[in-house]
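Have a look below at one chain only, the form predicted alone, in structure tokens format.
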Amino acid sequence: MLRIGIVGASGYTGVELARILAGHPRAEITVVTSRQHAGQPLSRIFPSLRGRVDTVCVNPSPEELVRQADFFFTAVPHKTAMDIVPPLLAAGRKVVDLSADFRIRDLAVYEQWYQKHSSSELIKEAVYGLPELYRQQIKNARLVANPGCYPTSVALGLAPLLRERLIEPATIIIDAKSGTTGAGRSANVASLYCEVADGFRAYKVGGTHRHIPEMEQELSLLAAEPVTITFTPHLLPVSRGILSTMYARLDHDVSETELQKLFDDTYRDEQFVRVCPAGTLPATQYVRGSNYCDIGFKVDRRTGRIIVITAIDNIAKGAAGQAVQNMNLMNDLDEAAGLTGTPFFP
């Protein structure tokens, strides 16, 4: 069994990691950390885990931590991760980091959007953890930067079109909606029930969301040219899910039948990407609790644009599920191990 450590286990991503790993046939959680809840079983913080993950939270030194697991997930905030990851790697452990600290390949861009980086020597080594794009690199990595939730939904939706140069990159507009778990578990007035329920609003408008440079980085690599996007996120009054609607002008006269074949062919062998049948579109309620990304599209002939829609669970395929998928690849395990559950519905 692979001994697993979850660093920062008391957030929504931490509990989702624990939930998934509790059913993993080849992994065992041996240490979970939380400064705030040290000394308490994780199942006391999250009663949903009672009888499944009763591991007691600890706040150990790095030296103590590395002795307790073979593989680590760092589910901690930006800046914190860059200080924790180096000693884990130095001890010969492999890591999937779920913060943004190692996602951005350009140090100057990272520091422009986040803060000063204290472990910049690891940025070039880190592999961007989107298996559908970087599977072979992930298999050989010791440090994987798990993608952000919005970037996952966007890159998977636009990858086939950009690779085949079927859209004009300069025309990409992304309108995305996320459940409130995307804001994290820390107390925040904007995430209170009375602030969210029965309402719907945009936030971080005008090119200010921190996932923008990550999306532009990956879309530029897919397009083989610089891509600048217009991105507006919205907060949905639901707990889980992201629905991303992407607009771009078609660069070729291509039929919906040809586009359907392109998406089908691109993702035919991908276990966790489901291309919707022609005439149907994704919805968040059909991916809840799963590692799936559902993709659908429609061509607007009047405007010459294609509209691509993706749905993921933001804390599963958008975070913990994808992290476990990466762990499986890094340890030569079945890529789908622990991730084959059917989505929750209703």
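Here the structure is a predicted model, which means the values were calculated and not measured. The first residue of the shown sequence is 1; numbering continues from there.
Another form, the form predicted in complex with another copy of the chain, is not on view; read the next lines as being about it.
For the three marked residues, P86, G157 and Y267, no heavy atom of any sits within 4.5 Å of another copy of the chain in the model of the complex. By the criterion of a heavy atom within 4.5 Å, R35 is excluded from the residues contacting another copy of the chain in the model of the complex. Remark: P226 does not count among the residues lining another copy of the chain in the model of the complex, judged by a heavy atom distance of 4.5 Å or less.
Taking the partner from the other structure, another copy of the chain in the model of the complex has no heavy atom within 4.5 Å of any heavy atom of G321. The shortest heavy atom separation between E28 and another copy of the chain in the model of the complex exceeds 4.5 Å. Screening 125-133, 232-240, 259-267, 97-105 for residues having heavy atoms within 4.5 Å of another copy of the chain in the model of the complex returns a single hit, 232-240.
In summary, among the residues I212, A141, V254, L222, the only one with a non-hydrogen atom within 4.5 Å of another copy of the chain in the model of the complex is I212.
Along 156-175, residues A170, T171, I172, I173, I174, D175 each place a heavy atom within 4.5 Å of another copy of the chain in the model of the complex.
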